[in-house]
Ligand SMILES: NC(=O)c1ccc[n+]([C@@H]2O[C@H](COP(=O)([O-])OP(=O)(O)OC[C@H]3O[C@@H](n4cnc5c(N)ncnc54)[C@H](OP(=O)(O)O)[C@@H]3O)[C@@H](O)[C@H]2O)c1
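Form predicted on its own, single chain, as structure tokens, below.
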Amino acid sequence: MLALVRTPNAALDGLAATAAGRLRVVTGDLCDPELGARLLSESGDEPLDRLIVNAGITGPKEAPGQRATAAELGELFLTNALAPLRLLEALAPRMATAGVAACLSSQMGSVSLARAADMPLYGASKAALNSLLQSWVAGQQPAFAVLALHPGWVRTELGGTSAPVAVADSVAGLVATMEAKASQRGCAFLDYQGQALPW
């Protein structure tokens, strides 16, 4: 099992140490175009049963009279939309037929729900991710499931301390949702409780 982190993490290193060699921590940046090839070489020849691509930055906050720069927009859409798809595409040949690949999206990426009024650029970047995943699945017809997953409003650095969902509850729900999609093909947009979300 591989876990990718941008910077060394003492807690994850400790977990790897107690996992008796079953977990390897790799340092890297999701936006690195060579990351997929490096992870393939790190993972050996075993098929990948589950893939979770978790990337998200809030991006610039646009205020009246203030506009995001091209660099800020590029970083936002590269991190939240393009880089996850590139990694999925790179690792797809190693995915098991009954596998599940999931990219962390957000309900703010739902155009129908229109819940990104306070963070329109973030919502647009997650909508772009959802669209890219749908298009990729339609074009490639992979033999494994591809999911855009909304983890809930989680108490993390990104979600803030007032978020109602604990990390453990979100993770447990995401795992259960992924397991329920094993051996199924196609693309779905689901929340951490397994409920379908409108695109």
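Numbers follow the displayed sequence, beginning with 1. Owing to the predicted nature of the structure, the values given are computational and were not obtained by experimental measurement.
Heads up, the form predicted in complex with the named molecule isn't pictured, but that's what we're talking about next.
query = Taking heavy atoms and a 4.5 Å cut-off, does N54 contact the named molecule in the model of the complex?
reply = It does: once the named molecule is placed as it appears in the model of the complex, N54 has a heavy atom within 4.5 Å of it.
**Message:** Is C31 near the named molecule? Define near as a heavy atom within 4.5 Å, in the model of the complex.
**Reply:** Contact with the named molecule, yes.
Interface membership of G159, the named molecule in the model of the complex, 4.5 Å heavy atom rule = Yes - in the model of the complex, heavy atoms of G159 and the named molecule come within 4.5 Å of each other.
(Q) I'd like to check something about W136: if you look in the model of the complex, is any of its heavy atoms closer than or equal to 4.5 Å to a heavy atom of the named molecule? (A) W136 lies outside the contact set for the named molecule.
Check your understanding: Heavy atom within 4.5 Å of the named molecule in the model of the complex: which of A68, L39, V154, L132?
Key -> The residue from A68, L39, V154, L132 that makes the contact is V154.
In sequence order, which positions of 105-126 have a non-hydrogen atom within 4.5 Å of the named molecule in the model of the complex?
Sequence-ordered list: S105, S106, Y122, K126.
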